[in-house]
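Only one chain comes next, encoded as structure tokens, the form predicted alone.
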């Protein structure tokens, strides 16, 4: 069923979409990411990342693995929720199952759903829409974070590229911010690393957007086995600064 014209999820003006992207990608957006290090805390402790070059290497690796997957799934989720045929939420369920299969570590699956619930909660308040309510009802346990992010991006008036860009930016900005707290690194130097990563992030966003209409099973499945192992290790710590 096609939604009434007044409630269609589609990009509005370029200016409005850009505003939505800036808000969604902001570190102050209340989606819970500030409490997570994206695996960096365990890497710092176990693998010995200590400085800016080490952080940059970690972020480049995360961009090429997790970043690619989250960008593609966010783009596909955004496209699904703007589907004029009205089957978007059902497609989000398929995307969620496929992403579950790409997260072999139970700790990462739990974290992803926790962040997805928080993302969806924030999105329903900031950009209220019936389809976000429907998604929350369909997945009371919480969708995976990239799926929720793509859905919220659609409600914010973004297209697939905007959703992918927000997702890949979030995949590195969170760990970069955590590095300042974990290692006491110079925040200016850390943000210089993010600036150097800019072209790579842009390219991955384009790649992710190209998967907007790809069947869920055909979406990227790049992995980082060491991060999966370290996530399980980190989950057993009694004292830690970040939830993941």
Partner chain sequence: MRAAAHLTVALAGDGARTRITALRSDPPLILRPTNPAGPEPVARWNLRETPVVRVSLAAGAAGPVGGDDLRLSVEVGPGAALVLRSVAATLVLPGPHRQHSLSETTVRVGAGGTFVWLPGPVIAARGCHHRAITHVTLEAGARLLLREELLLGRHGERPGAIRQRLRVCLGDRPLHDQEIALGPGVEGWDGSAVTGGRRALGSLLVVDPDWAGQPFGLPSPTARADTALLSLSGPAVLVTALADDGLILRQRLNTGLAALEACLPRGCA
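Quick caveat, the model's predicted, so the values are computed rather than measured. Positions refer to the first chain, counted from 1.
Omitted here: the form predicted together with its partner chain. The next part is about that form.
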query = Is residue 230 close enough to touch its partner chain in the model of the complex, meaning at least one heavy atom pair within 4.5 Å?
reply = yes
key: Touches its partner chain in the model of the complex: residue 129 (any heavy atom, 4.5 Å)   = no
task = Answer yes if any heavy atom of residue 101 is within 4.5 Å of a heavy atom of its partner chain in the model of the complex; otherwise answer no.
result = yes
request  = Verify the contact flag for residue 181: yes if a non-hydrogen atom of it lies within 4.5 Å of a non-hydrogen atom of its partner chain in the model of the complex, no if not.
outcome  = no
ask   = in the model of the complex, which of the stretches 153 to 161, 75 to 83, 105 to 113, 120 to 128 has residues with heavy atoms within 4.5 Å of its partner chain?
value = 105 to 113
request  = May I ask whether 22, 30 and 195 each come within 4.5 Å of its partner chain in the model of the complex, counting any non-hydrogen atom?
outcome  = no
query = Going by heavy atoms, what in 56 to 79 lies within 4.5 angstroms of its partner chain in the model of the complex?
reply = 57, 58, 60, 61, 62, 64, 65
